[in-house]
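Here's a solo chain for you in structure tokens, the form predicted alone.
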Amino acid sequence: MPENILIVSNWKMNLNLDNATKLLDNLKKIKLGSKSKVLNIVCPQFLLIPYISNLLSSTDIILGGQDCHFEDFGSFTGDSSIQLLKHYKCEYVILGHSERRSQYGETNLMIKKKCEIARKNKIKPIVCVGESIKLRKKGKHIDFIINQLDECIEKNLENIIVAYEPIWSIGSGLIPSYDEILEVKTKSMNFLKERKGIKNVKILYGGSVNSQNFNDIIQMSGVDGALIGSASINIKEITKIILNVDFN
């Protein structure tokens, strides 16, 4: 079992001010304490971040962003800078989510640049990787994921967080077997430590995570936590996930 469990809530483009407030009011009732091994991280859409940052003052809940640009500022209409994430006290940022890759044409090189600027600003990047169902069926998923890691992450970092999210699992209700998750975790960690010289690697799992399967995924595959989508905006689901983390 990992030393710490990261529960990263990716709210995507969901929740308005009222719904976000209601969700956070419930999350704030969960008292993890300063010695808790659970890190509760919420990543709202950009326009919610200033508002959420204010609400999270003096709580155990950690704020993160869903993306950033790879430049500090400039003529990039519609994008948001790492400087603003830093200003509003975001400690994490999700980078390279498959939705960003497929819908906005983000390349591994762009994600690498985003990772570099996040680290320069002392914000922890959560780098997403994952294969299509076609690659999985052809048995080429490991090669694909290793290539993503190679091209997205620079060498000799002190630490890195990787979220393994198979594209075919996101929102489908399907998840890989625990052995399949373990295989990706093990080979990703070995590559990053041996070929990239990274000392501390944390691997999260994402894709159809809910309160029914969360603990089994953590215990059976040994990942360090989860990147959670739809269940993270369901008050009952995310509360169960946080309260019922099993460290045995």
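Note that residue numbering begins at 1 and tracks the sequence as displayed. Values in this document were obtained by computation on a predicted structure and should not be read as measured data.
We do not show the form predicted in complex with 2-phosphoglycolic acid (PGA), though everything after this point is about it.
Highlighted residues E99, G207 and L227: every one comes within 4.5 Å of 2-phosphoglycolic acid (PGA) in the predicted bound form, counting any heavy atom. Though the partner is left out of this view, L84 does not reach within 4.5 Å of 2-phosphoglycolic acid (PGA) in the predicted bound form, counting heavy atoms only.
At least one heavy atom of E165 is located within 4.5 Å of 2-phosphoglycolic acid (PGA) in the predicted bound form. A residue is said to contact a partner when one of its heavy atoms sits within 4.5 Å of a partner heavy atom; K12 meets this definition for 2-phosphoglycolic acid (PGA) in the predicted bound form.
When contacts are judged by a 4.5 Å heavy atom cut-off, Q148 does not count as touching 2-phosphoglycolic acid (PGA) in the predicted bound form. Proximity to 2-phosphoglycolic acid (PGA) in the predicted bound form, defined as a heavy atom within 4.5 Å, holds among I170, L157, I133, M110 only for I170.
With 2-phosphoglycolic acid (PGA) left out of view, the stretch that reaches within 4.5 Å of it through heavy atoms in the predicted bound form is, among 170-178, 118-126, 85-93, 68-76, 170-178.
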